[in-house]
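Below, in structure tokens: the form predicted alone, a single chain.
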Amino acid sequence: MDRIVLLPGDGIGPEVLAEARRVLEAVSGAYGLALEFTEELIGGASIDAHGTPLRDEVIELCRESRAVLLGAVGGPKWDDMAVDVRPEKGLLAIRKALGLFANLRPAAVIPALAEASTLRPEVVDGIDLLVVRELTGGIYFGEPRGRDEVGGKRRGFNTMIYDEDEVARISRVAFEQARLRRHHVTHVHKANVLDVSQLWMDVVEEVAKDYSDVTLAHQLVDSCAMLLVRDPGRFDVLVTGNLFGDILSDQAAEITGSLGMLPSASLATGGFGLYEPVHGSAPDIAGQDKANPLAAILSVAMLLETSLACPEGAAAVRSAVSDVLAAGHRTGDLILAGESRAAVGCRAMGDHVLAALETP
């Protein structure tokens, strides 16, 4: 029996995760997977209940599980709290505690939603790229960090730091993913000004020698940002550090037309992973049955494929989502200006996906 820990979190997190769980339960039954579910708190919900965004007991429970499925964290209710105790701190802490060093953020244009992109259809046609972001190092975790006063002036400082082992392991993830795709890796960097990026250049080149079947290119982060909106089809797998990956993965996601469609996986060594939609907690629509659950449902597909070694189930989920969209079903975020179609709710969209899964 494999345990899946559910962390609904805040805002629309509980709503989208409820639909994701229904889909995972349906697929597990169809493909003979033995799963048990345990639900716990993270983020603002945990602060309200326990005074902390993430309890040690939850971390230990996650360590003993096969995978974690997360909704979203944060919201204006907790915005005035100190940075060290805000809901987002729980997300950073769980990544670090569980060794989730590799963040995989796919961005693929589903044909039925091609018109939803802000880019011209001919630019986004066939886009299917993957951002591989190093998740537990870099400027988000480097020391020293803080705020002080020097010469009567307030100052803030953070430290971007990586060692060669951290760069090598995320590079290997990127090259392995490229072997499953189109055999091309683009390393995104700022080596013209950053010593850290110069280390990345050296180590990525060294790792590439073990993957002669994969083509490696290097791209400055600023020009990469430009190319993502001008010619996104040139990219297959992009690998980069924590800060650059955070920014570029959101930009890549928007190419597809809606953050409500994008899943992600944060992986540790050995196949353990935390899976979550990339959208935020969207507190303005929380509790109104307006949320789009498809990113959470597609995160289930990544969980099935990676942590549960069930590629058939993953393919079935992705196919069901495509079928539902091809049939014209849309949550509010997917309806274009001027369209007359009615929006379906979060629960109804889950119903449609489940029905598509049952259709031969």
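Note that the structure is predicted; figures quoted are calculated from it, not measured. A residue's number is simply how far along the shown sequence it sits, counting from 1.
The same protein has a further form, the form predicted in complex with a small molecule, not shown here; the description that follows concerns it.
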- Message: So, a 4.5 angstroms cut-off on heavy atom distances: do all three of 23, 297 and 302 pass it with respect to the small molecule in the model of the complex?
- Response: no
- Query: Considering 263, 75, 232, 245, which brings a non-hydrogen atom within 4.5 Å of the small molecule in the model of the complex?
  - Reply: 75
- Query: Pick from 125, 195, 284, 289: which has a non-hydrogen atom within 4.5 Å of the small molecule in the model of the complex?
  - Reply: 284
- Message: Just checking whether residue 109 would be counted as a contact of the small molecule in the model of the complex - the rule being heavy atoms within 4.5 angstroms.
- Response: no
- Does residue 165 make contact with the small molecule in the model of the complex, using a 4.5 Å heavy atom cut-off? no
- Query: Does at least one non-hydrogen atom of residue 17 fall within 4.5 angstroms of the small molecule in the model of the complex?
  - Reply: no
- Task: Indicate whether residue 259 is a 4.5 Å heavy atom neighbour of the small molecule in the model of the complex.
- Result: yes
- Given that the partner is absent here, state which listed stretch (271 to 279, 165 to 173, 110 to 118, 187 to 195) has heavy atoms within 4.5 Å of the small molecule in the model of the complex. 271 to 279
